[in-house]
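This document starts with one chain, in the form predicted on its own, laid out as structure tokens.
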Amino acid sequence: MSTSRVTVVEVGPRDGLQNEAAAVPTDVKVAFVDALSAAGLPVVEATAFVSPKAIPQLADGEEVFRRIVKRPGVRYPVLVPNERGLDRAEASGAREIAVFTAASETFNRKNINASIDESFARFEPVIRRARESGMRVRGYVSCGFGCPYEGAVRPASTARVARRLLDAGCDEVSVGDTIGIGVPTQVPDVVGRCVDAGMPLARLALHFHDTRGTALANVAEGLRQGVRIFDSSAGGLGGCPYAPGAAGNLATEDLLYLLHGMGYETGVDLSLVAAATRALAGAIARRPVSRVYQALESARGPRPV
């Protein structure tokens, strides 16, 4: 079995919670981030500095970021859409930001009311300022495997946008299957096109959604292609509020079970991630969808009343 190291990027506190209907208290969010970083996750996307009108769930981004325990060696990126978001991130002490665009023109317009070119014009000054301040920058490409409005997305289009993010100054680019439509045979095409476009594998991440149950199969193929960075969300929380039909992200517990079973090292304690999900479960008023989490809960047996 391989003993390669895989980096798991936890996106639950941002990408997971932003699509939850029930309002989650700030104290719960802070405890959630702290529990996830204590579990050994090397990257925990803590929050976003976006318009409170657009995403009310994350309106407390400043307070959450200020209050979380910043563990040495753990990265805490925050999503920012524009320079105003960067101002808020800097004022809160963030040292890493994430920007986002899409491989689909239609999705980008419906998501952020901008073309792909316009989105780059909007966040290129953000990346430039962040780099001048010594901040790390992560870039997201939505709809890298398919679009809810346009259908199929050409791998060459995905690769072109990913490369533009790299050229704009991103340290790492995460290619997302936003609506969970991808299958394993697509993964070599998308990864291969990105590599051919000049994207180093060490700077490429994959972000799968499990809408149709193919996320883990796609991860396995991504591993075979040499990708060693994968995004996931504790408990399988979240999705994309702008993508009709998009269910949850790939669950961190399920991803860790697969990786550890295949002999990959992550440095993450699966049981502690499940405990973080368990502590959050009451606040989201629904059962986490992670299969591994549910299996662990069943093994614990009924709890005393």
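Residue indices: 1-based, along the sequence shown. Just so you know, these numbers come straight off a predicted model, no measurement behind them.
This protein has a second form, the form predicted in complex with a small molecule, left out of what is shown; the following refers to that one.
Visitor: Using heavy atoms only and a 4.5 Å cut-off, determine which of Arg75, Arg193, Arg164, His207 is in contact with the small molecule in the model of the complex.
Guide: Checked against the cut-off, the match is His207.
Visitor: Whether Thr7, Asn218 and Ser290 jointly form a contact site for the small molecule in the model of the complex is the question; each needs a heavy atom within 4.5 Å.
Guide: No: none of Thr7, Asn218 and Ser290 comes within 4.5 Å of the small molecule in the model of the complex.
Visitor: Please identify, from 198 to 206, 185 to 193, 156 to 164, 75 to 83, the stretch that has a heavy atom within 4.5 Å of the small molecule in the model of the complex.
Guide: Going through the listed ranges, the match is 75 to 83.
Visitor: Look up in the model of the complex whether Val137 has a non-hydrogen atom within 4.5 angstroms of the small molecule, and give yes or no.
Guide: No.
Visitor: Is Arg128 a contact residue for the small molecule in the model of the complex, using a 4.5 Å heavy atom cut-off?
Guide: Arg128: no, not in contact with the small molecule in the model of the complex.
Visitor: So, Cys143 and the small molecule: in the model of the complex, are they within 4.5 Å at any heavy atom pair?
Guide: The answer is yes: Cys143 has a heavy atom within 4.5 Å of the small molecule.
Visitor: Do Phe49 and the small molecule come within 4.5 Å of each other in the model of the complex, heavy atoms counted?
Guide: Phe49: contacts the small molecule in the model of the complex.
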